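A single chain, nothing else alongside it, follows as structure tokens in the form predicted on its own.
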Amino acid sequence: MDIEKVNSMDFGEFVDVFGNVIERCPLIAAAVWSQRPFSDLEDLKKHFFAFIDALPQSGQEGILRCHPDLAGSELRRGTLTAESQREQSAAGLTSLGTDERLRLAELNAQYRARFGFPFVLAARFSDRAAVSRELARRLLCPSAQELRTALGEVKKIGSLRLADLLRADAAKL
């Protein structure tokens, strides 16, 4: 799909196509639609991320809460979004052994208890061992720093998803 096609979409089509660029946040796509026309992929990304940046902290934390735990209960129940399923699968999180799964569940629970939102990581850039290491490392971060880091991961995920939709070169992101 090219940027002209994106710019010609009506509201409903735009939200249907781009509603999960930011995990389970179609409201962001709805707000971004009104910023048309977009000059290119970078311009489209800029509008998605400006929306996130303009939110108060509580709204930013709400975006984070829309994300599933990595290798968590939604994966086991089969209720992940298609995008999250592909991303977690690419990182090897769909084929964890029992010990690995239990370790991640324990770390995810500690993280959620400490920060109030799930651990978010652009899984496509990781593998299963790196996910556990990064989760353990980030558990030690100060809250304000971790909020910034987690939002940065949301933006990486969003960049990859936009590139997928526009079939752009993800390496340029």
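Don't overthink the numbering: it's just position in the shown sequence, from 1. Every value quoted in this text rests on a predicted model; they were computed, and no experiment measured them.
This protein has a second form, the form predicted together with another copy of the chain, left out of what is shown; the following refers to that one.
For the chain shown alone, F38 is not a contact residue for another copy of the chain in the predicted bound form, no non-hydrogen atom being within 4.5 angstroms. Taking non-hydrogen atoms only, F117 approaches another copy of the chain to within 4.5 angstroms in the predicted bound form.
Using a 4.5 angstroms limit between non-hydrogen atoms, P56 touches another copy of the chain in the predicted bound form. Contact annotation: L162 falls outside 4.5 Å of another copy of the chain in the predicted bound form, judged by heavy atom distances. The putative spot formed by F48, F125 and G152 is not touched by another copy of the chain in the predicted bound form; no residue has a non-hydrogen atom within 4.5 angstroms of it. Only one of A129, A136, C141, L27 comes within 4.5 Å of another copy of the chain in the predicted bound form through a heavy atom, and that residue is L27. Of the residues in 79 to 112, only R112 comes within 4.5 Å of another copy of the chain in the predicted bound form through at least one heavy atom.
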